[in-house]
Each structure stands twice: as structure tokens, then as C-alpha cells.
Ligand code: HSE
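Okay, so here's just one chain, in C-alpha cells, the form predicted on its own.
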Amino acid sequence: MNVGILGCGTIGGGVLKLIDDLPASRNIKVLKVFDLPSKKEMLGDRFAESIDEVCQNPEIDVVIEAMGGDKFPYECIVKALKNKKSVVTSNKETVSLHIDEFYALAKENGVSFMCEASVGGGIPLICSLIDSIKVNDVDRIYGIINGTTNFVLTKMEKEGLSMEDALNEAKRLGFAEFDATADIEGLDMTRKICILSSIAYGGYVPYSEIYHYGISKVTKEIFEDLKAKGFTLKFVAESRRTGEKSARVSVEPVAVTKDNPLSAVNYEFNSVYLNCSSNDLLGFYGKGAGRFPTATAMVSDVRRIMENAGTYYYENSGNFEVDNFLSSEKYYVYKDGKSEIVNGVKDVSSYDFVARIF
């Protein structure tokens, strides 16, 4: 199977290396790679000066999009699908906004759209979710689905680092982008829980309506105060189906006790749980950040396409109404060095920091 890659940065470069290192018997070959002109010398004859050399190339079967962002990647994915190329992407931003259109175009053109790497790094989460909904109703999804922020919180808790120092360490190790706002403020996890919820419930859970509250206000003092109360802090995404076309969804810090399995998920690892009607509770654990875990998920998607296992088509049965947990559950609130646990929060801005009791 011949592959074209759009973007040869951290993730795209990892995909290129993994495929190049595969034995010839695996029958996967990279023909073209589109990137900035500065990569031309490194890529040699495989360098593509335009996306058309990838998306419209009659010799390419699968296009791997690894650029990030929305507008340009969206245009590339649409062009590839319309040219009857299967697409593999790790781009949770564009998938969360256009999931309906991508799957519809794939179905219309008899190809596959695969986005395993968009959620959970190297964890085989989306393919497992798709298998689960064939025989189960999934009514709850929750977990830690951002390796960067989990790494930062672990460093703060276990090593006493400040938020700034922990984030700088994450950047040095390649877990965080130079601008980590999307991670720290919860935008990354909002996109991911949008994708998971929409697939699980068979209806679009609008990204723009999901409540998110970040961890930028977390301090050493808050960690110490939570510890004294028997809690540790995790950054969690949760979705609960509450009706035929309604769900409560949030991305927010949560206070968990030591007997909660999420308390043991540390550093760049992720942990996700699905509540299923027949299988009961299914759990997934693995590295959610890093070049090669994400690249591995993308190459695995290519293999699924080769084996005709990538023919799932998400179809939106209607948009969901989205609520949050603020008024219905207990919260830890912190202000001016003092904390308490309250039943519901009306205005998060009236506190220095809030975390749901999980």
C-alpha cells in the first residue's frame, strides 16, 4: 500500500520513520511527503511541493494528515477523500469540527476515514469504542485523555515543581507544544471528548457547547490543601448520556481519593473508561503523549485499512443538547488560601480555583 504524508514534523516524521523501518513484507511504502521547503533536502525525491502531489496522486492509496490546525488540514482531507484516498489523521481539532462531513465523504467515495490517533495517543481507543457500540449502548465515557497536563500535574504533586517549571519540563521532553494553551485550558480534551461522545452516542455532541475549565490556576498550596483533605488532583474529561438527545459533558479538574483508579495514572499516561450496557465497565491505559505512541496509532490505522477493517462510517442522527455538572454535583472551591466543599457552583469566576469531587 502506497502512502502520502502531509506534514513531517514531530508526528509526521515519526510516521515516516516507523514505515521506513517496517520490513518489506508489510507492504507499506511512503511515496510522497508534503512539508516546508526546508525539508526538501532531507526528503529527497519524496518531497512534495504541493498537496496535490499527495492528495491527487493516482499511485497513493492512503493520505496521512499530521499537520494540526483546522482550515488547511480540512481542505487537504476533503480533497483526498474526494479523490478516493483513504485518510488517516491525528488532528483532533479538525475532526471535532467536521466529523460528520469526513465520514460522509469517505462513505460516498468508498474509502476509509481513520482517526485513532486523535484521542489517547497510542491507546487503541476509538477502534475499541467502535467495536463496543456494535453490541453495546455506551452511556458514559470518562478519563484522563491529555498526557501533557497529566505529566504537569504529576510533576507538581510528586516533585513539588511549580506549574511553569513542570510545563517547561514537558516541553523539553516533547510532551507539550511551545504554546501549550490548548492543553492547559482544556481545549485539547474538549475536542477529544467531543469525538468520543459523538461516536459513542451516534449523534454530534457540539464541541463549542462543552464546558471546560483549565488548570492554569493550580498552585502548590492547592495540592497541599487537597492532600490534607484526602484528595489528589486530576484533569478529567467526562461525558454522560442523560437522554435520547442530551448529555452532560465537561473537561475540568477533579479531586479524587486514593482508592479511585485515576489517582494512580501519572506522568504522560492516559486512562479512559467506557460504561457499556453488556460489557459493563471497560478500561484503557497507555501513553497519551509522545511522538511514537501517536505515530504507531496512525500506522496501525493504515494496517486496518489494508486488512479491510477500517470501513466504519459514523452517521449523525442529530445534534445533542449539552449540559455540565456545575449545578448538580459537589465541588472543592478555593479562595484567598481557604477551601471548602460545596453543593454545586453558580459562578466559577468568584473563586480562585474549583474542582469537581469525583
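Computed from a predicted structure; not experimentally measured. Position 1 is the first residue in the sequence shown; the rest follow in order.
Below, we refer to the form predicted together with the named molecule, which is not included among the displayed structures.
You can rule out all but one of 177-185, 224-232, 201-209, 157-165: in the model of the complex, only 177-185 has residues with a heavy atom within 4.5 Å of the named molecule. In the model of the complex, the named molecule lies farther than 4.5 Å from every heavy atom of residue 239. In the model of the complex, no heavy atom of residue 191 sits within 4.5 Å of the named molecule.
In the model of the complex, at least one heavy atom of residue 146 sits within 4.5 Å of the named molecule.
Contacts between 1-40 and the named molecule, taken as any heavy atom within 4.5 Å in the model of the complex, involve no residue at all.
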